[in-house]
Ligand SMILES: CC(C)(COP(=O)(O)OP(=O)(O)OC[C@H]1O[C@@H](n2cnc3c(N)ncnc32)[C@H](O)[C@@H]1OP(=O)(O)O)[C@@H](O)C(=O)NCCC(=O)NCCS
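Shown next as structure tokens: one chain only, the form predicted alone.
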Amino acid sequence: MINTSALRDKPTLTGKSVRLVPLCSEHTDAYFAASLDEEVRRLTGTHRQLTYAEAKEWCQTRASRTDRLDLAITAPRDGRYLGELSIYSVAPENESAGYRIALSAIEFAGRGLGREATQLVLEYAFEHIGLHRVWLYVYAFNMRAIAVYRSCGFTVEGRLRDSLLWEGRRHDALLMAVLRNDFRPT
């Protein structure tokens, strides 16, 4: 059974290299700046640029959402914004939800930050929210992310052919999921 209070009461989750905190208005500037980064937009398949007002509204309204969990990925020492992640599309009747993560700049890739953040939030999703299955979509060209997801127990369940048109080229997306009993905590 899904524990809805685990979605309502936004947690702070701390690891060695990342700290996940509730996404809020204090993250607006960094969230907006990340949305302007071309490589971040390509990796997430985001064609349209957010306006500052849209970024501000998004960050301000996350804490009041009781049907999803939106967390900022920050550096534990200085609170620097490193990205954000979400558990969304929670289906209580199926004990399943979607997951997405975006580091705010390519400079943070390859440091294990996304893996640690994913591990922390999956542990929370399975142990506190009570999910059985967490799924995501990732573009097939994003080999680094696919490797991270595999290391956390995700497996490929399907392929969405030609789901992204980016600069004149079509790209597939992979549907990946991890079940509670497949999750490999660190």
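These figures come from a predicted structure and were not determined experimentally. From 1 onward, residues are counted along the sequence shown.
Unshown form predicted in complex with the ligand; subsequent notes refer to it.
Fill in: Triplet 140, 156 and 160 all within 4.5 Å of the ligand in the predicted bound form via a heavy atom
Answer is no for this spot.
Worksheet item: Should residue 149 be classed as touching the ligand in the predicted bound form when contacts are defined as heavy atoms within 4.5 Å?
Response: Residue 149 belongs to the contact set for the ligand.
Worksheet entry | Contact flag, residue 75 vs the ligand in the predicted bound form, heavy atom cut 4.5 Å | Close contact is absent here: in the predicted bound form, residue 75 is far from the ligand, nothing within 4.5 Å, heavy atoms only.
Worksheet item: At the 4.5 Å heavy atom threshold, is residue 59 in contact with the ligand in the predicted bound form?
Response: Residue 59: no, not in contact with the ligand in the predicted bound form.
Worksheet item: Does the ligand come within 4.5 Å of any heavy atom of residue 35 in the predicted bound form?
Response: Answer no; every heavy atom of residue 35 is more than 4.5 Å from the ligand in the predicted bound form.
Worksheet item: Exactly one stretch in 27 to 35, 51 to 59, 64 to 72, 131 to 139 has heavy atoms within 4.5 Å of the ligand in the predicted bound form; which is it?
Response: Of the options, only 131 to 139 has residues within 4.5 Å of the partner.
Worksheet item: In sequence order, which positions of 25 to 44 have a non-hydrogen atom within 4.5 Å of the ligand in the predicted bound form?
Response: The stretch touches the partner through 40, 43, 44.
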